[in-house]
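Encoded as structure tokens, the following chain is the form predicted on its own, with no partner shown.
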Amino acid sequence: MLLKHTTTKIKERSALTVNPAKTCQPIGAMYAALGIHGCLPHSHGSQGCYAYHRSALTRHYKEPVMAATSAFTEGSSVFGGQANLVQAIDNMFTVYKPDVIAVHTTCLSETIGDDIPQIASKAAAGGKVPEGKYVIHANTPSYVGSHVTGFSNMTKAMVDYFAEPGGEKTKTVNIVPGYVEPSDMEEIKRICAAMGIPIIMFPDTSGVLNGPLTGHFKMYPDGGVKIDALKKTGQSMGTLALGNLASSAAGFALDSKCKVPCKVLDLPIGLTGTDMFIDALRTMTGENVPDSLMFERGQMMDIISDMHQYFYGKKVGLVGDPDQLLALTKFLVSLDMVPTHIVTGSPAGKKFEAELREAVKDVPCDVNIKLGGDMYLFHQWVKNDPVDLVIGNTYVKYIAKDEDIPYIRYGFPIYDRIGHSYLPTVGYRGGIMMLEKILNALMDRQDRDATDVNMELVM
């Protein structure tokens, strides 16, 4: 009954969001900060904000997310949070001993106008920051952008604070992986290792939010990019930024600061997306593509050719983050599927919309696209023009249930299933897993709807 009152009549809304298709900046900033080894994220605002940011990530990854807060009270809200943050920095370094504290702001501290660099400098001058330890920050007001924006801002902060210009260039490639799962970061590293290419990936949440259960608690897991590596990003031969909205800011900042050329690519989702990523690696480094990766590519091609009849003409509705939507849309179009309704809650700009419309220009129907849209509008579109499959985060399951549509969980957040942090969707292996998900959803529906007469044994 949750969404039974969604109407089919669509009215233009300019000042009301119903069932948003995004979450707030600090969550993305906290996720990025966890990708630094020995880092303790710090939410500069109220305890309520901090609790929400931690719980969202903990519920998605089923892992304890460590972070701290400035714990604003009424006094902090009126007079500013400088005293709170200075005390917090002292407490964190004294009690929890991180290598770096990554401060992100919230609506409240941004509205007050707290100057984080000035406060951090005051803490350092007062002896609150031990030698060899660091405090970095990103401005992440929740009333602007989305979790993707917060991820981008914190990733750029890693460049601003740590990348060192000068020195002889090495054969290392920097990779900014975009807002993807720890499993995707692992897969990107595996592909680079197969090609014999040394990389510095930042941030890197693999081994942090998908680590093993050992019976021993670690405040700071073994994973994450190390500060020494971040300092060396300025000596790398080039940077690949995967996903324009999440990654390009850091890549271009590194180019501006350290003269490391940056190439922006789509997320390596699907056959073409992965081809472009591997070709960019090959072109940048001069390394050959090994037979092992060509074998994986052939396996993916084999599945597509074998099962094309089940993909052909199927209409799909998509809700998610911009970089993921663009890569997924191109992947689905390459399978001769029909992305019909596409919604992101994140502001993405006219250039992104133009790219998205270019990707669906040959689709044999009108395609609804809304940037800065919400799931209420998406539901209305689906009611007026039903689809065969919907892809999106956990909140989309209510629409799938109400409209009785096959559904694949993808993106952030996913609260009600596991596996996304362990099983990649990027690269050829990840593409094979995505193909399996799509096929299973469509074939399960075919079996469910079949009668005793037309139930198929071999599909």
Partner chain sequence: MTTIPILKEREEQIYRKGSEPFNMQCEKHSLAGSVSQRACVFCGSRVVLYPVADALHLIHGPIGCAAYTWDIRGALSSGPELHRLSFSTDLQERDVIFGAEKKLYAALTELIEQYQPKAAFVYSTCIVGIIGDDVEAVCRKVGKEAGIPVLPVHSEGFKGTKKDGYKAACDALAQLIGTGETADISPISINIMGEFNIGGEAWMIKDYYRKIGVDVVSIMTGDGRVADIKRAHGAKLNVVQCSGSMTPLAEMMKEKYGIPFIRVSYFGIEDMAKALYDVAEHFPDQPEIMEKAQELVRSEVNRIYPELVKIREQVSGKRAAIYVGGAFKAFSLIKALRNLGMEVVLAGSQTGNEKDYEILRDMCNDGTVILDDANPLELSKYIIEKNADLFIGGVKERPIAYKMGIGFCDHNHERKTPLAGFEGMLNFAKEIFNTVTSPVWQFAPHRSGNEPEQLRNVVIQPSK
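Residue numbers count along the first chain shown, from 1. Worth saying up front: this structure is predicted, and the values here are computed from it rather than measured.
The same protein also exists as the form predicted together with the partner chain; that form is not shown, yet it is the one meant from here on.
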Quiz item: Should the three residues Ser206, Thr239 and His308 be counted as contacting the partner chain in the predicted bound form, with contact defined as a heavy atom within 4.5 Å for each?
Solution: no
Quiz item: If we take heavy atoms and a 4.5 Å cut-off, which stretch out of 31-39, 430-438, 55-63, 403-411 is in contact with the partner chain in the predicted bound form?
Solution: 55-63
Quiz item: Tell me, which of Ile199, Val338, Val387, Met375 has a heavy atom within 4.5 angstroms of the partner chain in the predicted bound form?
Solution: Met375
Quiz item: Are any of the heavy atoms in Arg13 no more than 4.5 Å from a heavy atom of the partner chain in the predicted bound form?
Solution: yes
Quiz item: Using 4.5 Å between non-hydrogen atoms, is Ala51 touching the partner chain in the predicted bound form?
Solution: yes
Quiz item: Going by a heavy atom distance of 4.5 Å, is Gly349 a contact of the partner chain in the predicted bound form?
Solution: no
Quiz item: So in the predicted bound form, does any heavy atom of Asp279 sit within 4.5 Å of the partner chain?
Solution: no
Quiz prompt | Residues in 59-94 with any heavy atom within 4.5 Å of the partner chain in the predicted bound form | solution = Arg59, Lys62, Glu63, Pro64, Met66, Ala67, Ala68, Thr69, Ser70, Ala71, Phe72, Thr73, Glu74, Ser77, Asn84, Gln87, Ala88, Asp90, Asn91, Met92, Thr94
